[in-house]
Each structure stands twice: as structure tokens, then as C-alpha cells.
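Shown here is one chain on its own, the form predicted on its own, set out as C-alpha cells.
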């Protein structure tokens, strides 16, 4: 059975049917389904190894985005997120692309960055000359600390020296060494920090200067991920509307901020599900968005003839080994569901979900509007907040959606009033 046949009507299935479909597809095993049914609750001893002063777990709903075909490979994508409409919008938009276009990704560069700071350089020219002369020695020292990584084909690749103004009114300069490292399948934060710390005394001995700080950078412009979405034979009115919405986010930082938050709605959900550091990726994305001096959208959509083309380029540094991805069973299960073979493949998936999420939002904004699309799905949250019991959720949600069609706005009070009416009708006509 093809993936399209497996996915047909997936969103209309109840949870037990979704479990069975995923088992039939080979995405989940019966034991993994049982684990999910239990809520994925872990013994608190695991939490003790992750954070301090442990008192419990805070759980997020985890769903799967469907219809994604990336680089001609089909994926069922786990997403951990609490906000209504994100998974539904991603799946719906991915289906549109699947029918009329394609998603492609590629990685631009492999190296992460560690920074070694000399805050006040006493002899700039001498230090620069000595560091350049001893570069190969310093690389060898760093790689000796990362021997296991080197065996896997990674390790330090280069040291780039930057001279910065201190901006404190003095004539002194700040010298920063950028240590470039290929982390292979790891995110690499601990490894690059260890390498930089190991280099510190050697740099001080070579230059006679004082090293003030060693730390990785999350602005990894040496390891970018590029995503492209192409949709063929698009309705010109829809395409132009999306293009104009994209232009708005490109020229106006106020709109760009919300645009990029929407992109990260999708990216973060995959990062969390796979146990990756979503805060690191977010900081890198926002920093990269202002690379030319003005905060802009990290996505762009343009009409090219009768084709709509969207791109996203950003530092999306992820890992498939080490850290939480290694020890958290839900993260391990998520990576298994994805069937990824490399960190590069995972970064492409994360970026693709972000770009597809963005397309869905721009299409909604430029056609039916955000309220009509988002609030329909938010009706379920309002029903829960109003106190509806499980068997009351659907009728309350349907009535809320019908009300939204009429008045274009629904509130918690509306949900409470509808719930009261549903209960009264049940008293009159009990089933």
C-alpha cells in the first residue's frame, strides 16, 4: 500500500485508529504505542539526570504531521507542541505541496563555531602573526581532545581570527578566534566547548596574552540549511497574495518578527520531539535574520511565471546522537519514526516543516484571514476551557465553529453559553 493510501483520511481517525494505522505503516511498534498510551511517563530518576531540583515532568501533546515528501522521501513527522492548528496546518499545506509541487533541502557547510576571546590585546600585530604561524599546532591540540570525533570523520577544521573594536572609547582591540569544527551527527556544543578550553593555555603561552572566555556560538553561519518549496500551476491570485504577504515580512521588522515566530512554530515542535536544543536554533535563526543590519523574514516567497517558489536559509544545528536524543525514550522514538540517517537530513526536515508552516500561514492570511482558520481549531480549546466533558466537546466545538462563521469572533463566554445549551438539550433528549 502506498503512503498516500495509508494517509488517506488520517486526520479523521480516532486515536486508536491512528495508532493502528501507524503500526500498519511500520512507523510504530505495539510496544511504542503502549508507551504513548501511558502518556510517555518516565520514572523520575531520568529527570534527576536532566535537570536540578526535580519535582516532576511537564508534558506537551505530541502529534504527527502527515503528507510530507522531502527530497522525494516520505515522512511521518512527530511534533511536540501545545498550540492548536500547528500540526493541522502543516499537514494540510504539505498535502497541497505533495499534489502540486515539491520540497527540496540541502546543507551549506558542515562546521560549528567555538569562540575564544582575548578581551584586550596588548600586542595585536605580534599576536596575529604568532597565531597564524601556530595554527596547525593549535588544530592538532584541539583534535587530540576530540580523538573519538576525529575517528568518526569529524574534528577541528580551521581557526579564523577576528579583530573587533571594543567600543569603550579606548584604542585597544578585542581579538576573537573562531574555531571551526565538524561535529558529524552531534549538535556538538560540549565538544566544541571542550576543544576551546583545551586551546586556552596554548594560546596564552604562544601569544603572551590573556584569554578571557571560551564558548560556542549559536550563530552558525558556517553550517546553514537551505529549504526550497516549489508549487506548479498555482492560481495567480493566490500566488500573488502570498508573494505580497512575504514582501511585507521582508521589509518590515514588526511583521518579520511574527512571521518568523510562525516558522518556528513548526521547527520548534520537531526539535522538541527529537530532543534537540530548540532554544539554540531559535537564537541562531533570529541572529541570522538580522545579518544584513535589518531584522527580516527568514523565508521568501516569489512568483516565477506560473510557479510559486519559497526559500528558507538558516542555521539549524541539530544532532541525532548524544545529549537528550540519546537518553530520552520519546526523543529516540521520534528519531526512529522519522527514519533519519544523518543530522543533515534532520536539519532539512526541521527547516521544511518551518517553511511549510509559513506557507500555510501566508496563504490563510492572504485569503480567508487568520481568524477564520486559526479560531476554528481554537474552538476545541474554548470548549475545554468552558468545562466541557469528553462527550460534550464535539457538539460544543461544532456550534462554536458555526457561530464563528456568522459573527467572525468567538469567546470563552460563547463556549460556556453553548455548553449550557448542550447540557439542557441532553436533559430533554438523553441518549
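Residue numbers count along the first chain shown, from 1. This is a predicted model, so every value here is computed, not measured.
Separately, the form predicted in complex with (R)-mevalonate (MEV) exists; it is not shown, and the next lines address it.
No residue of the trio 217, 220 and 287 has any heavy atom within 4.5 Å of (R)-mevalonate (MEV) in the model of the complex. The candidate stretches are 356-364, 228-236, 141-149, 95-103, and the one lying within 4.5 Å of (R)-mevalonate (MEV) in the model of the complex by heavy atoms is 356-364. A single residue from the set 302, 258, 71, 311 has any heavy atom within 4.5 angstroms of (R)-mevalonate (MEV) in the model of the complex; that residue is 258. Of the residues 172, 83, 252, 158, just one reaches (R)-mevalonate (MEV) in the model of the complex with a heavy atom at 4.5 Å or closer; this is 83. Taking the partner from the other structure, (R)-mevalonate (MEV) in the model of the complex has a heavy atom within 4.5 Å of a heavy atom of residue 265.
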